[in-house]
Each structure stands twice: as structure tokens, then as C-alpha cells.
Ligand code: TRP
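For reference, the chain that follows is the form predicted on its own, supplied as C-alpha cells.
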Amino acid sequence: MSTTRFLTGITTTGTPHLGNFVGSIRPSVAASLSPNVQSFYFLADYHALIKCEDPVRIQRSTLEIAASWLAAGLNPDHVTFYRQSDIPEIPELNWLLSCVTGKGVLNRAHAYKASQDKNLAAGREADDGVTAGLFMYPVLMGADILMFKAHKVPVGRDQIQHIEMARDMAASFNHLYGEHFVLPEAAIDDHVATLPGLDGRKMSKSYDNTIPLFSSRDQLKKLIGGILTDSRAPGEPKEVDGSALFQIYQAFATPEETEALRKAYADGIAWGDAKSTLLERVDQVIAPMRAQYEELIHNPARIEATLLAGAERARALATPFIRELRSAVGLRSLAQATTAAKPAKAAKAALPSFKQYREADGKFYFKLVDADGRLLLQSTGFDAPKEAGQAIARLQREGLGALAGHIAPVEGVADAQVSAALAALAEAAA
């Protein structure tokens, strides 16, 4: 049976919290134990530089996140566990990929567009405060994924676009220089919980509503005591829907325990008692790991040695691969040139292409891009991938008029350009 490679990274800008544990750390550690799976876990400290300008925070976060993974049961002998900045081949691949990635592709990256929208809403220039690092972020992520030929990348729905972009980069490079990259796929687990924070919104350091994963029991008690609840008195039935307290409990409890609390809600449990129940259940899970975490956090040299060992294992794959890629693009020894055979046949002209994908809204879309990755045509959303595929077929048969109402305008692109691209595809298929 073939081995599937999974790759997961976490940016080193904050302290891990319960939401990180439930949504990423716990399922990833469990996945690392699966047979026929080769797992890569990395600390994305290059990515951290885009968001954080505090060197002390980045170093401390790297320590805390590494200690959290290890305390949660990640076995560095069974996985490749490394720090991104210890792999010099990654920034080199970042450059190679940037040379085959269209600027138009990066213009549509969600993070970049969100920064522009925020600026425009505040009356600022669209690119105010936008660094080249933020703009190129998807290329670095592509390098992280493609370097180790990952088959699956576990992500939330809001990250699907980055996997699609990595696939586009890989396909562009492969088209120009031969089949070197594996095209990765997003691994979406709709059953992984997203925890609410203290205020009921998604638990996130951006909202300052988190419960740090390895809080002391006293800190945990204080933070759980601050979880937002409604004003229903003891004895009044309470709703589990929308209850942050109940949702957090459910993520740590067995199905039987969850049902017991659900009944207690219906019977009018006091909020103070419900919070005590949550404290005991969470602490029961965290306490054994907390002891290991504290031991690790006070022994940073041990973590450093673990990461360097992981980097050595990662570079055993990355170094020969980057050598292969350098040769593919022509970065070769001049001595090799003297033994060159007759010139290779000219490559076929690059063609426009359709790309189908799913967005965070759950709908399916397609786009038509030219050979350089520039967007020519963008669809509206379809409820099923089959509908999107049928729309592409109809467009190719009947032209633009066949999809009136299902095409979103693309600024600066004339209908004639789209028609020419469709004609080129039809001629190539003939």
C-alpha cells in the first residue's frame, strides 16, 4: 500500500489555546499515528515575520508551540518535526515558484484583498502598510507544501484557496520544466470542532478571547468563570445552542458526558455549576500534558535539539530535491553545458486553462486563466461541482452568451480576449 504524505504548519506568533488544541493539535497528533501516513509538522517562523515585528515574541511562541505539540503526544521519532527557518531550501524554492506565478493570481489572495478592503474602508490607499511579504505569502506557503511533495494538507475552509494556488504553481512549473511536483489536495474535516472563546465568538488571539492551552488550574478556573452566559437563573431551562460553555465541554467530553450535561441544561443547572463541570472535564484532559509541557518549557535546549534533528531529516529530502529543481531551470554547472546533446524540441505553446475550486461559502466556482495565470473569466457560485463542470462544457460549446448571469465581470478583460482563449482551447483539442 502506498504512503500518503500529510503536512501541517502553525505560525509562531502566539500562545497555543484550547481552540488550537481541539482544531489542530489533537487531530494532527492522532493522524500521525495512522499506518501508511508520513507526517510533516513545522513551525512557520518565516510566516510569523509577516504578522509580528517582535523578535522576543516570535522566539517565545516558537518555544511554546513546539512544547505544546510534544506535550500533546507528537513523537518526533515517527514524524518529521522541524522549524521552517532551518530549511534553507524553502526560501530558494520560494523564489523559483515566484518566477512561475502570475501576479494576477496573488492579487486575488484572500489575505491581500482583506488588507486592501480594510484600507479602503478606512479611507487609506489600498496598499497602505501592505508588505511584499504579505503579498507573496501564498508563494511561501506553496514552497512549504511542494518542497516535501505533500499529498494532503489539513486546512480549514478559509485556507482552501492557498492549496489551490499551490496546485497552480506546481502545474505551471511542471508545464515548463517537466513533472517535478506533486499536486497537493486540501484535506477538510468538517467534524473538527471550532471552539468559541470567552465572548462567544470564535476563539482567536485576534479577539483576545482565548483560554491558553496550558493555563494553570487556577488560571483555567478564572478564565472559565469569565465565559459569557445569559441571565437565566438556577432552575430555569437553558439552551445548549449558542452556549460557548456547552460547546467547549462537548469538545473535551465523551458523548455520554455531553448528553448528561445537555439534560442538566434542560433541568436548569446553575451557570456556576456548569462552569465547575467544564473546569473538571478540561483539566482532566490537560493536567497530564501540562506537567510534560512545564518540563519541556524549562528545558529549551531539549526542544532545540529535537527541532534540529527534525531539520536534518527534512533536509535529507529537501537538499537533493532543490538540486534537481535547480538543474531543471538551468542553474547548472557550466561543465555540464559542454556535454549538452542536440537542442530539445521546442515546447508546445502554453494554453489557457479552466480551474475549478470550492470557496469558503461552500459553493463551487471556476475560472479561466491565460498561460501566465492572468484571470480572464470568473464564474458565480454553483451548488455542486457537476453543475460547474457542465457550465464549463456549455461555455466551450456555445460561447460567452451561453452563461449570461453566471459570469462575474473581470476588470480590464474584454469579451474578445475570452473568446480568443476559448478558440485556442478548441483548436488544441481538435
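Quick note: we count residues from 1 along the sequence shown, nothing fancier. This is a predicted model, so every value here is computed, not measured.
One more form of this protein exists, namely the form predicted in complex with the named molecule; it is left out here, but the text below deals with it.
Novice: When you measure heavy atoms, are 370, 422 and 424 every one within 4.5 angstroms of the named molecule in the predicted complex?
Specialist: Not a single listed residue reaches the named molecule in the predicted complex, so no.
Novice: Looking at 293, 173, 137, 354 here, can you tell me which has any non-hydrogen atom within 4.5 angstroms of the named molecule in the predicted complex?
Specialist: Going through each option in turn, the one that passes is 137.
Novice: State the residue from 141, 245, 282, 96 whose non-hydrogen atoms include one within 4.5 Å of the named molecule in the predicted complex.
Specialist: Selected residue: 141.
Novice: Looking at 283-291, 154-162, 108-116, 267-275, which one sits within 4.5 Å of the named molecule in the predicted complex if you count heavy atoms only?
Specialist: Correct option: 154-162.
Novice: Spell out, yes or no, whether the shortest heavy atom distance between residue 145 and the named molecule in the predicted complex is within 4.5 Å.
Specialist: Taking the distances in the predicted complex, the answer for residue 145 is yes, it comes within 4.5 Å of the named molecule.
Novice: Can you check whether residue 70 is within 4.5 Å of the named molecule in the predicted complex, heavy atom basis?
Specialist: Output for residue 70 is no: heavy atoms all beyond 4.5 Å of the named molecule.
Novice: Quick one: is residue 65 in contact with the named molecule in the predicted complex, heavy atoms, 4.5 Å cut-off?
Specialist: Heavy-atom contact with the named molecule at 4.5 Å: absent for residue 65.
Novice: Taking the shortest heavy atom distance, is residue 44 within 4.5 Å of the named molecule in the predicted complex?
Specialist: Contact check for residue 44: yes, within 4.5 Å of the named molecule in the predicted complex.
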